[in-house]
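Take a look at this single chain, the form predicted alone, given in structure tokens.
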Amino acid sequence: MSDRIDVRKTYKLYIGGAFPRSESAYSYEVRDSRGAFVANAALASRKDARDAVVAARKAFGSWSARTAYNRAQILYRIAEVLEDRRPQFVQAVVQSEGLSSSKAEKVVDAAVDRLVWYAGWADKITQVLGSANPVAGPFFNLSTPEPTGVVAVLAPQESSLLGLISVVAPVIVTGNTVVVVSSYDRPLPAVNLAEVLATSDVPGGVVNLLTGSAATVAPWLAAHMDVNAIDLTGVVGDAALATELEVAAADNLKRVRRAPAVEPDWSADPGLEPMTTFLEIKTVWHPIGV
């Protein structure tokens, strides 16, 4: 019988490629599906949310200017690192979602596959959405999608890994940067994913991850004038909060992906909507022969 004392970990936030402690100096206990203590997680404050938005805005210019092929390479690299750390994520999913090891392995496999799937779309989404438009006159009229900007994402509360990947990957693959608030009760896959992002090729500030209460942080993100869009996927079942966030987002005409009525089936084909929601269509006129 071992008398060794377990090393209890306190996970930090992930902002601008670094791991700061919460400005609030508070943390909260994370427990597994059976109620046993697992770790502590930082309790993000509105100041942390503002810092995350600043980091995301700073990273947006260079990230959106990268070639689609390069963004595909980086998403594929995330999948590679996640695959290398597969046992760690299987354990995190088991602890967070109460699944058996075999079912947790399938969830991790699906998350890796989802990253690869979105990586494959990086240099194809423009071909699908873009067009050369017929006009009456000697002009080329071309439409092409462009990223919206800084997107705030409220991650699913139940699907702590596959759901998280499914809302973050489509945002960044199209050139946006993101501030994501993880599941409150199930943050372990998210904080482990932050370590994957930090050790892959993702530039600092492209993905910023906050742990804590969405009800506390989300209103500040929804009202923030430098946030261009918000995904309310994680507000399932809380109509009052969803309405509050939509009203706050209207102050600067943010794009809003509304909260679904029920938790989506994350194993289903996601389609193009998660990507197209946070793209703007830019149309250019150019004289023929010039």
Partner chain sequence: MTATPTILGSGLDEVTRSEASLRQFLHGLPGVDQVGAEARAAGLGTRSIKTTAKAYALDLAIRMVDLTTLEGADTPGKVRALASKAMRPDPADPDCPSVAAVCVYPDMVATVRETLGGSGVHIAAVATAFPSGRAALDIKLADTADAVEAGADEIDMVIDRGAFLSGRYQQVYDEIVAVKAACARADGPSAHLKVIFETGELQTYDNVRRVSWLAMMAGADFIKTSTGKVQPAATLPVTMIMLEAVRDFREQTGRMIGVKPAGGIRTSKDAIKYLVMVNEVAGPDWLDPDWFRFGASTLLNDLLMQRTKMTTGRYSGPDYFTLD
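Everything numeric in this text was worked out from a predicted model, so none of it was measured. Numbering follows the first chain given and starts at 1.
FYI, the form predicted in complex with the partner chain isn't displayed, but the following is about it.
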Next item on the list: Could you work out which of Arg66, Arg255, Arg31, Arg50 is the residue within 4.5 angstroms of the partner chain in the predicted bound form, going by heavy atoms?
Entry: Arg50
Notebook entry, point to check: Pick from Asp226, Glu263, Glu244, Asp238: which residue has any heavy atom within 4.5 angstroms of the partner chain in the predicted bound form?
Noted result: Asp226
Check: Would Trp220 count as touching the partner chain in the predicted bound form under a 4.5 Å heavy atom rule?
Finding: yes
Next item on the list: Choose one stretch from 36-44, 66-74, 229-237, 244-252: the one whose residues place a heavy atom within 4.5 angstroms of the partner chain in the predicted bound form.
Entry: 244-252
